[in-house]
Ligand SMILES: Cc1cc2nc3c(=O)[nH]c(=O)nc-3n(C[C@H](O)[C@H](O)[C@H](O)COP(=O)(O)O)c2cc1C
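One chain comes next, on its own, written out as C-alpha cells in the form predicted on its own.
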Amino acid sequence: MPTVSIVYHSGTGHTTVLAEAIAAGARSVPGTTVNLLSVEGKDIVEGRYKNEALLATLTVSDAIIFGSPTYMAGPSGQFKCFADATGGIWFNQQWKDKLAAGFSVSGTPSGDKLNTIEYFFLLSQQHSMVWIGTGLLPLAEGRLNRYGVFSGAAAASGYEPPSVKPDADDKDTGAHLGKRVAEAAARWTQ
C-alpha cells in the first residue's frame, strides 16, 4: 500500500483548495494512504523551517507532491524555507527514487506558475526523485489541463473580489494528478 504525501504552503487558501483536490484524487486509488501536510509560518524560526515530524512523514512516503502559490515568479518564501530545510535529507539521499510531482496557483491564467512547478521539479531532481507530470494534453477530457501545463497541475484563483478559488476544471486537473501519482506509486512499490 503506497503512501502519497502532499506538502504545500497556502497564503490565502487557494492552494489549499487545489491540494485537497489532489488528495481526493490520490485517495481514489484503493489502498493508498494520503497525507495532506501544510507548511505553516509558525514553523519558521529566524528564517529556518523547523518541523521534524513533517519531514519524517515525508521521508517514509513513497511519493511527495509539492505545492505553493506563485509569488513573484516562484514558490512562496514559506515553501522555500521548507525546501531549504531538506538539505540534510538531500545529503543522506533519503528521498532518492521516491516519486515526485508539483502544483501551483496564481491569480491569472499564466502568472508565471510554470516557473514554480519547474522549481519543484529541480528540487525533486536534487533529491534524486522520479518526476510524474499530468500525462494530459491541453484541454483533455473537456477542460482538464486548460493551461497546457504538462509538468504539474496549474490553477488560477482570480484577483477580483470576491476572489475565485480554483474552479471545478482546475480541481479536476489536480485530482487527475493526484490519482496519476497514486497509481504510479502503487506500481512503483510492488
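All residue numbers refer to positions in the sequence shown, first residue = 1. Bear in mind that the values here come from a model prediction, so they are computed numbers and not experimental data.
The same protein also exists as the form predicted in complex with the named molecule; that form is not shown, yet it is the one meant from here on.
Asker: The named molecule isn't shown here, but in the model of the complex, which of 63-71, 47-55, 138-146, 118-126 has heavy atoms within 4.5 Å of it?
Answerer: The contacting stretch here is 63-71.
Asker: Is residue 157 near the named molecule? Define near as a heavy atom within 4.5 Å, in the model of the complex.
Answerer: Result yes; residue 157 sits at the interface with the named molecule in the model of the complex.
Asker: If you check in the model of the complex, is residue 14 within 4.5 Å of the named molecule, heavy atoms only?
Answerer: Residue 14: contacts the named molecule in the model of the complex.
Asker: Is residue 105 part of the interface with the named molecule in the model of the complex - any heavy atom within 4.5 Å?
Answerer: It does: once the named molecule is placed as it appears in the model of the complex, residue 105 has a heavy atom within 4.5 Å of it.
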